[in-house]
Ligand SMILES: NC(=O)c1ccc[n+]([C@@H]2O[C@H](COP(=O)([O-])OP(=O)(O)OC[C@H]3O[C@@H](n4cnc5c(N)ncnc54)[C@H](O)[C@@H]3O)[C@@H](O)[C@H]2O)c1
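Form predicted alone, single chain, as structure tokens, below.
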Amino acid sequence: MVTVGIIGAGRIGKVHTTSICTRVKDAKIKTIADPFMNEDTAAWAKSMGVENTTKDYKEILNDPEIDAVLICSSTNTHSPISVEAIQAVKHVFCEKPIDHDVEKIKNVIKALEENKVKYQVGFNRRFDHNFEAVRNAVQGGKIGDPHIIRVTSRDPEPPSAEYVKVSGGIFLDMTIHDFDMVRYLAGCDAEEVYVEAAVLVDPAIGEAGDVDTAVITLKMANGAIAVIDNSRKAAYGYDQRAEVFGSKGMVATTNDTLSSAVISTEAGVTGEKPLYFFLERYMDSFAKEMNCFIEAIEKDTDTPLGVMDGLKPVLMGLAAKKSLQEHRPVKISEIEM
């Protein structure tokens, strides 16, 4: 049994708490820490079976009974707490992104070189049943050599301008999942990124210095061309699809819906809208990624997504930002310098 401490009791912290308490059999949560811990959150934690709550995350790092730490706090804390947790010889699950600053991610890499602990980054979409099926088809050679990879990711509602200002921008906040997905489906890294983007959904996002609609093309190391399209608002719901076209065929996945029922009448043919947002769409994947993390600790195996898997999408996101600013293709090697 792996004893866990969770740092951060916001939305994603509660997702992981729920997963561990209800769907991860070989882990238990001893303590949840959050600087804004209040009576309501503490009561919620207790209802999930977690007795210990605190405002000071260092209580988790200093507790010899806790084997692993989940970092679910604000993005600006991910890398420094990662380093502290690694130096405290705790296994670490860190939500994406590790940081927006490459040098700070390198500090995490250095800490891992000096301490033999497990480190996993929270790109949960790799554990989604649809995307796993696409990946398996590609890896199994069923569609031949990949030529074109398409990833569509559109949110049902845009975030607030206040959130946008601290998010790091669409490429490091939203598209970062799609950068990881392209690497996952292609089985290799990207070499070059080019972006066309605009503010078409909410002028306040533009005023906050970001864009809300983007098409990103990528040259992959295996020769494939990848295309990502993003929008902060799809009127019909959470649009999450992928396709890989290859020399021998094509594999694609559609959106998950409440049911596959289609009603056909003289008025027309209608079906269900996509599941509303990520909590509805990806709950199974959150549980599966956590089971994989716990299994890596128990069996002393590599985690499925290590620190380098956390670094590569950030490099892609920074290249995308540079491409948009300079109106040109940007090589990943320019960012790595």
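Numbering starts at 1 and follows the sequence shown. Model, not experiment: these values are computed from the prediction.
Another form, the form predicted together with the ligand, is not on view; read the next lines as being about it.
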Contact test in the predicted bound form: T254 vs the ligand, heavy atoms, 4.5 Å: no
A9, heavy atom within 4.5 angstroms of the ligand in the predicted bound form: yes
Contact label in the predicted bound form: G306 to the ligand, heavy atom within 4.5 Å: no
In the predicted bound form, D128 touching the ligand (heavy atom, 4.5 Å): no
Proximity to the ligand in the predicted bound form (heavy atom, within 4.5 Å), stretch among 242-250, 184-192, 206-214, 67-75: 67-75
All of Y57, P97 and F278 within 4.5 Å of the ligand in the predicted bound form, heavy atom check: yes
Answer option from I143, A88, I105, I81, heavy atom within 4.5 Å of the ligand in the predicted bound form: I81
Among the candidates M290, A27, A33, A45, the residue which, in the predicted bound form, approaches the ligand to within 4.5 Å (heavy atoms): A33
